[in-house]
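In the form predicted on its own, a lone chain appears below as structure tokens.
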């Protein structure tokens, strides 16, 4: 198996999974690692399109580093059992074919699927971005009141727990689960303070560690179109601003918190 398999997962769209994944991918590549990427959300294909945009930019800038990318589609077999078995066989074969890579980074859909569950079960690290909102927190854990005295894991948290057990049974491996607050507002608020307090209290109980992602910035939408990241030197001068500089610092802090790669 590769040195490490990293899965970006959350059963909600719009949390910035693909943007975060791409920045981690480029960081790993620039540190001299070989990286394969897998998009099991191939129907929507946000990560796939990001990498396609990057490949297009690379044609004019050959120094740009790109991963080896594979989109994966769900099985179209007739029964649930057949779908799950075919997905597992295909995914296992894919991992074996990518065994020479140092890292595999996997993007998953913002909903429940057989392929997503399988990908989670092979992870060494699961990174779950969530927006700065109690609505997103509800997809992670159900809280009946603000005192955290009466909580119930969400469907996604239960799925992660089940895949952790699946991983232990398969090869006695463990999964490092990171919940990452992303797309934060630029202004501190009472809501953020309360959300941080609840997440810190829940981290040990639910079994994850906490990290901070990016603030909401226009620069990320611009970078997507060219397939670039904050780590690339090819970002045009017109894109560099105080916001860009602040985003770079957020990225540095994030990479340190994730503690993935050399």
Ligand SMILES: Nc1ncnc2c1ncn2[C@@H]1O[C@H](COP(=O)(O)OP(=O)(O)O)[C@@H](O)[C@H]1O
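Here the structure is a predicted model, which is why all the values come from computation and not from measurement. Residue numbers count along the first chain shown, from 1.
Only in words, not in the display: the form predicted together with the named molecule, which the text now covers.
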{"query": "Exercise: residue 183 in contact with the named molecule in the predicted bound form, heavy atom 4.5 Å", "finding": "yes"}
{"query": "is_contact(residue 233, the named molecule) in the predicted bound form, heavy atom dist at most 4.5 Å", "finding": "no"}
{"query": "Heavy atom of residue 59 within 4.5 Å of the named molecule in the predicted bound form", "finding": "no"}
{"query": "Touches the named molecule in the predicted bound form: residue 69 (any heavy atom, 4.5 Å)", "finding": "no"}
{"query": "Segment that reaches the named molecule in the predicted bound form - one of 27-35, 216-224, 51-59, 202-210, heavy atoms within 4.5 Å", "finding": "216-224"}
{"query": "Partner contacts in the predicted bound form for 41-57 (non-hydrogen atom within 4.5 angstroms of the named molecule)", "finding": "46"}
